[in-house]
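In structure tokens, one chain follows: the form predicted alone.
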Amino acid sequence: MKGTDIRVIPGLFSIAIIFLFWFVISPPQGVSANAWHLLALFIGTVVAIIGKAMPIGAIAILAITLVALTGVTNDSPSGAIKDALSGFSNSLIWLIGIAIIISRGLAKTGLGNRIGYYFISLFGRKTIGIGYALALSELVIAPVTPSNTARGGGIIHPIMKSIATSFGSSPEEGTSRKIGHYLALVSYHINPITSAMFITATAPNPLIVKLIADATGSNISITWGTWALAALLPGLLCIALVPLIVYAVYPPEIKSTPDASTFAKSKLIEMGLMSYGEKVMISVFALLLILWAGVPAMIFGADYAVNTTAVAFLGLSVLLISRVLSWEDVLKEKAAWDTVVWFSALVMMATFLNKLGLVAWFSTVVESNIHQLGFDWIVSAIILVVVYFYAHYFFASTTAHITAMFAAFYVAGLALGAPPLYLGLLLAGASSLMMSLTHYATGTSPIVFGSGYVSMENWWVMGFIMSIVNLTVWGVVGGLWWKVLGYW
């Protein structure tokens, strides 16, 4: 609808789905009416998100309202509204929201750009070296940048474009293949990998932690350190492979770039000495990593363990006290508050779908169909992960995809005999790595694709190639690494 944020056709389709499940399709045997009605609201919400019927935060408010008014989780009106708002009490949601606010300091102080230009000054004498410099820049800022879009599209992509332009490579002049085509593909394909390496590297990761904990009765509660250590080896190997594979498939015309190092050094000189704000940001960055990794508890014992979300609040408090960020900066960080709202709604709905038995029912259906094929748990897990991964061709949101499919596929894998932590880590990795597939797979992709350096055909070909490489590395190398760590 012109002049508003509402898209009528996707909105009507979403409403039609809800009415269809609520009034026309009867609940299958073993599923309660309340569980089925909540599923109707859930599917309608996911369809609205995929179709972008409204901004995701607005859709979340509608979902919360419908859960509260319909009483699908609780017959008591006061109990229903408490259930509908229960997602806001989840500490993982606030971890991501606060971390997004903290990451604002990277852009405000210029530290993100300084890191990028510093690595290019070191490795930028060859085109492939620039690729690795961009990759290292992504990796360094990923732990404190929970928005992969802000990281890849807001920090790394402008640096990549400035480097390409300095070599006369631009879509407008038909010179993309000089260097811009290569750098755009490398910088983009690093983004899903860094997103898979840390709980705090992309917004949906804490949701995965919650879904795994719910499915295992909290027997498996993945910490920040556990996730980071598990993803370290497969993540670094994938990062090492990306510039080489892109170079082999789509080699740049310009292969030697001595001017890139000079260009980056000139940018660093232009930025001057490290500012007060940058120094504080680095200190906070180091503090967060040390506490998130559980270093005090390792050295002094369990009494010194600190909650991950409390650490994020500590980091933000330091930035406020030091005046690196102002309260106005906090209020203006719309992405953070938007994330807290939509994340709370999706976590709430996913939680009650599990409590009402719907996830268990659906996972049994998936499990029984795969079980009939007669494979062992290894082949069965591969089938599950591959289906889950490539279903992302039909999604424009990793959050919607994870919310719709993760829990059921994880529980089905457990029923097929897969080791819980192995399967959880593999599906968690796949949940970010699937961003590589299309030019609409996540928020970063339309930004990089929209710059015009890469054709849709080249994008999809490279995405499919990297999907095979990344999944293989995560499943095989990651699996062996997790075995060494004693995770399964």
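The first residue of the shown sequence is 1; numbering continues from there. What you see is a predicted model, and the numbers here were worked out from it, not measured in a lab.
The protein also exists as the form predicted in complex with a further copy of the same chain; that form is not presented, and the subsequent description refers to it.
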query	finding
Option from 130-138, 238-246, 414-422, 89-97 whose residues, in the predicted bound form, bring a heavy atom within 4.5 Å of a further copy of the same chain	89-97
Contact test in the predicted bound form: Trp327 vs a further copy of the same chain, heavy atoms, 4.5 Å	yes
In the predicted bound form, Val8 touching a further copy of the same chain (heavy atom, 4.5 Å)	yes
Touches a further copy of the same chain in the predicted bound form: Val461 (any heavy atom, 4.5 Å)	no
Partner contact for Arg323 in the predicted bound form: a further copy of the same chain, 4.5 angstroms, heavy atom	yes
Triple contact flag Ala203, Pro206 and Ser455 to a further copy of the same chain in the predicted bound form, non-hydrogen atom at 4.5 angstroms	no
Residue among Pro27, Gly57, Pro446, Gly51 with a heavy atom within 4.5 Å of a further copy of the same chain in the predicted bound form	Gly57
Sole residue of Val46, Leu39, Ile64, Ala441 within 4.5 Å of a further copy of the same chain in the predicted bound form, by heavy atom	Ile64
Contact set, 449-483 vs a further copy of the same chain in the predicted bound form - heavy atom within 4.5 angstroms	none
